[in-house]
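Let's start with one chain on its own, the form predicted on its own, as structure tokens.
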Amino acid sequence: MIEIEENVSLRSLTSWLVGGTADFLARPRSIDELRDALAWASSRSLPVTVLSGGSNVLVSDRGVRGLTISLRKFSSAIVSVREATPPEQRAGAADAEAVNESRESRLEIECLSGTSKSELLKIFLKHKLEPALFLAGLPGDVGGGVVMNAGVAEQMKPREFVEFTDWFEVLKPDGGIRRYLRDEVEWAYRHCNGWQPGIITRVGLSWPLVPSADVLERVKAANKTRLGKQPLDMPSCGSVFKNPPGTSSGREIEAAGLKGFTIGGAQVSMKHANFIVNTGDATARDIDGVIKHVQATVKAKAGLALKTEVVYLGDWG
């Protein structure tokens, strides 16, 4: 039976290191424990909030009512190789993409949604495959990567999660599991739609088993470059705002003179203007204040309405 904790601070479970207390907290390790947690909340008519990897979320200082489910321990990965299909079996493939995929061996990874992107990186890096470069520096977990179709600004392949996601499974409100193939849902910039409601539980990923001899060196170089350009040594949620068409949020925020703008312990990063960092004692209200000030200022100066990638959780009333 899943353990339910009471009155637990959520600060350490968020990448911003802010937020209040959860009335109740569950940390499932398996789908059965996840079902138990949902049944426990349902039996008490409590609302449920899912806190995935803790990045791209802002948890209210007032905390979260009902049951919060942290997926930090909901982590495992099974790695296998799908061999290329023999030529005589390719004739039955439905389309050209299927034929191309059947000609190559692929590395396949089946993981629980709470598996961190950094664990995924290690797997791809071990096999010297290109997704390792894509994943370098990305915060959060695999489920969050699917939900927001996580991506990078750099021109590379893959550039978004959709490019190496084959399928994912969702625990529905009635307790059943439904598997969605990649083409059964809608993928867009920083969003995946058409599978809700439910909780993503398991994800299937794959990539052609074509090693790149220099991928380790390129990952090291990318990490060094990102450390120089992004405040990866300070608590943040990663990029705060989605990029408007034809420009970048960081460029517009910097042009508005907002680098270094501070409320309390929350600051627009001096390294990268699309990051808001916790300088040590920030509150969620401080961060929210900086977000709103940035939006109002960029709107007034550039006429652009910046939209956040951040999901607000908890009691903001």
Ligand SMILES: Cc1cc2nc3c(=O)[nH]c(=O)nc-3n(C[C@H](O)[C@H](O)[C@H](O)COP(=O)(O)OP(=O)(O)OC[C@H]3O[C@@H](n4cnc5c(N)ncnc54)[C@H](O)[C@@H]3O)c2cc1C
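Worth saying up front: this structure is predicted, and the values here are computed from it rather than measured. Residues carry their position along the shown sequence, with the first being 1.
A second form of this protein, the form predicted in complex with the ligand, is not displayed here; the remarks below concern that form.
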{"property": "Distance check, Ala84 to the ligand in the predicted complex, heavy atom within 4.5 Å", "result": "no"}
{"property": "Distance check, Gly204 to the ligand in the predicted complex, heavy atom within 4.5 Å", "result": "no"}
{"property": "Arg190, heavy atom within 4.5 angstroms of the ligand in the predicted complex", "result": "yes"}
{"property": "Non-hydrogen atom contact Gln267 with the ligand in the predicted complex at 4.5 angstroms", "result": "no"}
{"property": "Interface segment, criterion being heavy atoms within 4.5 Å of the ligand in the predicted complex, picked from 179 to 187, 122 to 130, 213 to 221, 235 to 243", "result": "235 to 243"}
{"property": "Residues of 38 to 66 having any heavy atom within 4.5 Å of the ligand in the predicted complex, listed in sequence order", "result": "Val50, Leu51, Ser52, Gly53, Gly54, Ser55, Asn56, Val57"}
